[in-house]
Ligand SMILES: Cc1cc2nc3c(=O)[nH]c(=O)nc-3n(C[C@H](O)[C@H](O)[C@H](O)COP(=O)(O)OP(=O)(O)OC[C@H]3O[C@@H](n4cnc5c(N)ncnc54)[C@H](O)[C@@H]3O)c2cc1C
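Listed next as structure tokens is one chain, alone, in the form predicted alone.
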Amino acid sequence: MNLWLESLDAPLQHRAGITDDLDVDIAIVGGGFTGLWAAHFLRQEMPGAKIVVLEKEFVGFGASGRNGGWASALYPVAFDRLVIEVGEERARNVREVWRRSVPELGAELARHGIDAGYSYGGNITVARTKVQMKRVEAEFLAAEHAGEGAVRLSRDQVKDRINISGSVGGLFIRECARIHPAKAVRGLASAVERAGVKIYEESEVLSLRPGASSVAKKGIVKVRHLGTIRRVHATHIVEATEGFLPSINSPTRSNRSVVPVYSLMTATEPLSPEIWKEIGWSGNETLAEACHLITYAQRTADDRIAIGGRGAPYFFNSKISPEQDRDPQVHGQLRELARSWFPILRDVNFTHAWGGPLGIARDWHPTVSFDDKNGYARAGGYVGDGVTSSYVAGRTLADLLSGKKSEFTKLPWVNHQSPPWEGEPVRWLAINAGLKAMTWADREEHLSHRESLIARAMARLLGH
């Protein structure tokens, strides 16, 4: 059960599917944050354009309706590595754009009356061992190098904010907000519709073929609804499907451009005022532990703890299916992690467990690409940091398609070409070995009380 979709303000109702062939200016494939932010900003930059959004299931079905609810300034590639690849000035610009975009995103939601529980409380990364504290110190120094405002927290300072068991210190970063992702994405969809964009749900894109400017030929998107095939002729096609990208047949990119890796979540029942008095957490900060296997948590607007993390296996040949949204072992580990943070949760019920795929490119780089010769554009590969990144991607796509030169079109992710992932079975073996390695790295540190050699060996593969 997905907490976000179950706690919407109104019952989930599907929009109508496509019933006719269409001729449009812009066809956007994917009804998540990327596609909808793109539609939102394209309507502003190209007010006369005919824009449609095509979604296989319903708005927010994918990562946009399942994620941890962090609107963070995180970028998947470490700052030092980005400096090496694109230079310090451009790397600093990336970090500045993402930091600024966190409050801008909240303001944009508010401007359209979207109540998504947005709370600009910042983020705390807590260290529960001395080895983890060394990583926190390194993260603090990296933030200083990037010109960011980060604050080191002592054990007592962490406890004053969140009474997390075993804390030895932590790091506070201002640029992060808690949101209810499903309310945000569905509210954005309604705002886009009010602006004149048509959204078709239950409309599965089977394939797409970009156009050819040399003969003024439009691209074609083949769509299936209720067993009937329709064709959408479009001057521009925007592919915004994140981890679901490999499922669509396209001659413009390899099905190995990104791989879908699952991240899972679980949530408690609403907690009593007595429990919250013990835990604290009144500032609505998002929370993570400085371990190697990624974890993330928030205090929800209805007073639950929602906690998530990686560790679920990658499935052979990039398979995606509903049964993969749940993994009893990983969900059990997340519940135990929450109880280790807050022992007072030992008798509390966990009422929801869900998950879904996110997209990862081979070099960990997100991408926004556009070919003005054939009208094809794509954005994605956010490595789980997609709430803010999709907002920036929407602005970038709008400027690229409209021909506007801006700070967004100068970002280094524009037309970045990641190498393809290896073929199977090498891909399956390597990705699952990497996921296991991060689990082993945490166990190694717990036993040795020293920095993990396994993690050090994996760092380059993980964008660091």
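Numbers for residues come from their place in the sequence shown, where the first is 1. Just so you know, these numbers come straight off a predicted model, no measurement behind them.
Absent from the display: the form predicted together with the named molecule. The rest refers to it.
Enquirer: Does any heavy atom of residue 56 come within 4.5 Å of a heavy atom of the named molecule in the model of the complex?
Expert: Residue-level check for residue 56: yes, a contact with the named molecule.
Enquirer: Using 4.5 Å between non-hydrogen atoms, is residue 241 touching the named molecule in the model of the complex?
Expert: Yes - in the model of the complex, heavy atoms of residue 241 and the named molecule come within 4.5 Å of each other.
Enquirer: Taking heavy atoms and a 4.5 Å cut-off, does residue 386 contact the named molecule in the model of the complex?
Expert: Because a heavy atom of residue 386 falls inside 4.5 Å of the named molecule in the model of the complex, the answer is yes.
Enquirer: So, in the model of the complex, is residue 234 in contact with the named molecule at a 4.5 angstroms heavy atom limit?
Expert: Answer no; every heavy atom of residue 234 is more than 4.5 Å from the named molecule in the model of the complex.
Enquirer: Name the single residue among 108, 363, 148, 204 that comes within 4.5 Å of the named molecule in the model of the complex, judging by heavy atoms.
Expert: Looking at the other structure, the residue within range turns out to be 204.
Enquirer: Using heavy atoms only and a 4.5 Å cut-off, determine which of 116, 189, 265, 91 is in contact with the named molecule in the model of the complex.
Expert: Checking each option against the named molecule in the model of the complex, the one that comes within 4.5 Å is 265.
Enquirer: Out of 353-361, 190-198, 226-234, 311-319, where are the residues with a heavy atom within 4.5 Å of the named molecule in the model of the complex?
Expert: Heavy-atom contact with the partner occurs in 353-361.
Enquirer: Which residues, if any, of 26-52 lie within 4.5 Å of the named molecule in the model of the complex when only heavy atoms count?
Expert: Those in contact are 29, 30, 31, 32, 33, 34, 35.
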